[in-house]
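Look below for two forms of one protein chain, each set out as structure tokens: first structure 1, then structure 2.
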Structure 1
Amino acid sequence: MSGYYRWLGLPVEASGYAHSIDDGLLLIHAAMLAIFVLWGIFFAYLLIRYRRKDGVPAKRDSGHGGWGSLVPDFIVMAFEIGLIVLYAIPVWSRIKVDEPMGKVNTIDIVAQQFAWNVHYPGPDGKFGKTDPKLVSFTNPVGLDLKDPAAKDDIVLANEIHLPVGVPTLFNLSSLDVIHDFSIAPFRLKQDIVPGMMIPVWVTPTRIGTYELFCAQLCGFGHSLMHGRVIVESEKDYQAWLKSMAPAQAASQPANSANSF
């Protein structure tokens, strides 16, 4: 099943769980439309049938009996219980509660007004130590260059490279205010709260370039806080990693002034 996300005007599906969110959206909107149309017909019928006519008095009893009017309620309730138990809790748990299994690609994201700093562990697979006291315009994530693990770390601004088909774990943190890490084609969205490290994961399934944007008001430059997500084949991704390796972490600063 694919392609029907276009019926709702949704962007392309590019992650492993995008279709389960779209399934829900489609199902709920179909139900909403059905409820509204049926209900609208009934409403229109009532307005026409019971419009004021001379000599026809109103009937005090609607013939439905007081508590009988709760029937729609029971239908709605049953539908909602079904949605909660069969859809919402399982899907939510899979996306937000469970951790991905197997080989995982880990990336640290450090948000600031109004840029995204993307921190890769580099070839050694280990993140260098970071310290907020070391943060500066040339060292946006506060990387401690004395740490040997930091030597090969890669820090990019507003650009994320991801290998297709590999689960990626993002550790989200913020230097200043609340931001929101949002990639619409992945159906991925998560607030980033300063003082917290919030993990989110996604498995990109479609090669292409997508947009990363901030979805939580973060100041006057909020709407300009966006970047690129480049999903590429494993081979291209490895080639890109190699090309980045010699580069010093500090030579790729995120400069918020660049955003304008």
Structure 2
Amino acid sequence: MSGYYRWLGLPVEASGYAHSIDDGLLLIHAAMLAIFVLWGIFFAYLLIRYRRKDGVPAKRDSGHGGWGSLVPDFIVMAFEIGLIVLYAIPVWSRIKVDEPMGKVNTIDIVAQQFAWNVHYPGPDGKFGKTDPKLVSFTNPVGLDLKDPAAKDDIVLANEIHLPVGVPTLFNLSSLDVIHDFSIAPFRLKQDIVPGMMIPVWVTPTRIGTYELFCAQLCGFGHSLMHGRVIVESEKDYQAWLKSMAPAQAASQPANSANSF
């Protein structure tokens, strides 16, 4: 993936909130660098100012200390509180709390050892019903084919197609253990807990192909649990969606109650 990484080793910014995440990273690193340099200068001053001198015994200087010595700590504390109030809470709210407005593309992601099952509603925009009892090797999302809305649903493994500029809601769930849904260029990372449906959203802003991987150790095949995220124009996405539906309908397996 040429051009995948940029300066400081960070992946490209490919989502609407990636820039906000990177701003926080750079701010924290700059602050830590400043603290490191200032404390280094202060320590060097102390080493020189209070170095050992022949004939001068060590003694405590009662004229220093007290509340004045806590000034650096108060400055650092004020910075950290400001970082939380002015940056962390607003950005977290925008990413995790505020719901996207307007048209939203919805995709269900069902994680399992060691694959990502991707469920699209198809051209009709409606998800077919699913049932855990119907989960099988050939039907990993438990799609109920008796439901008319399921006829054009699309189920893929390890491949996600997204239209650029359109907010996408991922509904994350797991068939077995804890997994972690991670797409670095989106700055998106979310644990998936068995028994829970966890919503996360992102607005892709850059056309290209990116890597999806599991960032939580989930078993012996953990390193193999990755996939592709393809961000394309709205026109190309709709064309892909329509081209996939007939093939999916022709290959849909019969309902089965045989679980993994």
Partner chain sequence: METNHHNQSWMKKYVFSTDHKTIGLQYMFTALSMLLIGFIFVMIMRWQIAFPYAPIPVLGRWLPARLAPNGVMTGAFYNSLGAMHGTIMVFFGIVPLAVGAFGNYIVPLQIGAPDMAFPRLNMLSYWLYLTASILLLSSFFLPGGAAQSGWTSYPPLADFNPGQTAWIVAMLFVITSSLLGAINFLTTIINMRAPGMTLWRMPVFVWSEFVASVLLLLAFPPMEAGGVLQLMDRVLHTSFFLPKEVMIFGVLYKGSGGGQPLLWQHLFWFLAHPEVYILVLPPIGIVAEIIANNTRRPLHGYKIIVSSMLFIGALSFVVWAHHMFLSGMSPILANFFLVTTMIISVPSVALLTCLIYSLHGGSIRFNTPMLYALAFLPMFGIGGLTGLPLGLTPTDIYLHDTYYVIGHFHYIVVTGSIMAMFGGLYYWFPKFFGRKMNDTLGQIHFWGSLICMNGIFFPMFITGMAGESRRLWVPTAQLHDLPVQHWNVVSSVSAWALFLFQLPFIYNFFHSLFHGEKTVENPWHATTLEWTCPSPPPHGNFTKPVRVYRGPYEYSLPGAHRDWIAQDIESEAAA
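Structure 1 provides the reference sequence; residues are numbered from 1 along it. Between two forms, the rigid core is the largest collection of C-alphas that superpose within 1.5 Å. What you are looking at is a predicted structure, and each value in this text was computed from that prediction instead of being measured.
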Discussion item. Structure 1 or structure 2: which matches the form predicted on its own?
Written reply: 2
Worksheet entry | Core superposition result - C-alpha of Lys53, shift between structure 1 and structure 2, Å | 4.6
